[in-house]
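Just the one chain here, laid out as structure tokens, in the form predicted on its own.
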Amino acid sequence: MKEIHIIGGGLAGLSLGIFLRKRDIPVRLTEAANYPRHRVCGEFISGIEERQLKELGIDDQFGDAKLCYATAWYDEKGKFLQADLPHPAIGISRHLLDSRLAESFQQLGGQLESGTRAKVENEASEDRLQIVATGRARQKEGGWLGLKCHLSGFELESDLEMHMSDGGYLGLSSIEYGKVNACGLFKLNKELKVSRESAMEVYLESCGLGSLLKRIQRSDRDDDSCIAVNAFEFGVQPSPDSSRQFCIGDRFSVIGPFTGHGMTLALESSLISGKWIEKYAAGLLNRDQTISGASREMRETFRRRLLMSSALHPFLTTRTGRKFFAGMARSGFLPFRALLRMLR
């Protein structure tokens, strides 16, 4: 069989590598960072089916993960929505999950080169298939700042809390070992002076979420987990040459973080792509057929979710939209479960 080269050892790249190794396909995976590492991520897997995890070969990785059953949403006035999730979501940190997947990939005979940067090739070669799983496409400028940290001793009022304001929103959810992941998206304000450790506190204070900040300050923060990202866009990601690059995960598409569906899209993209790559490795498809077929299926599978997310994101992050959303919820007229289904 032909060897597959995956660039990027995040959730999408590692799960694809495991899927292929389970089928005895030679895989070399190159990752620029080393494990374990923290990522700006909701660390909340919602909407994935058990059969999909089994087909990927990673269903045994979540034994000590936290199951999340309910969610609560807040604005500056307080809680405006309390609801049960249609299906339990999985709460697990990327610090733990990525390390486990990397170990599993190597145990299956995959070749992992961590701490190594690989060049993305645009020149077509029928004998070589390169998968780009390097995460969201970097833009020169971006209007959003993603922030994340882990908390110990934080008392959640629901398995998933979503706090909304004019300046952005912060989600807090249960993960393994009694910890809470705090991850949010804020409108970038270059006038604010922040450090890596102080960024979340400064932004929460600036956007009117002072009551939430006081709750966070009463807990213990893991400073090593405090990280930030900016300069990115949502939706299908731009590619220098989409006909030649085989992109998966966030490098293919980024859904609004408030949906809690980003990790699921990464796993689904690996599963879809893996089935096409399996045919390529067996000589049943050529390189171009594999790339175009997998990309087309991912676009068709994710289209509705990405469109809904793209429409709701600007709506929820404006004062008018947020007040309308909260008002509908408080009056009991918000079709929350229907909206949730449309994003999954």
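The first residue of the sequence shown is number 1, and the count goes up from there. Keep in mind the model is a prediction, meaning the values are calculated, not measured.
Keep in mind that the form predicted together with a small molecule is not shown, yet the notes after this line are about it.
Within 4.5 Å of the small molecule in the model of the complex, a heavy atom is found for not a single one of Pro26, Ile58 and Ser292. Put simply, of Thr134, Ser165, Ser174, Thr71 only one has a heavy atom within 4.5 Å of the small molecule in the model of the complex, and it is Thr134. When you look in the model of the complex, the only residue of Ser195, Gln107, Ser211, Thr116 with a non-hydrogen atom within 4.5 Å of the small molecule is Thr116.
Only one segment in the set 218-226, 187-195, 73-81, 245-253 has residues whose heavy atoms sit within 4.5 Å of the small molecule in the model of the complex; it is 245-253. Taking non-hydrogen atoms only, His95 never approaches the small molecule to within 4.5 angstroms in the model of the complex. Contact check for Gly274: no non-hydrogen atom falls within 4.5 Å of the small molecule in the model of the complex. Interface membership of Ala266, defined by any non-hydrogen atom within 4.5 Å of the small molecule in the model of the complex, is confirmed. Remark: Leu53 does not count among the residues lining the small molecule in the model of the complex, judged by a heavy atom distance of 4.5 Å or less.
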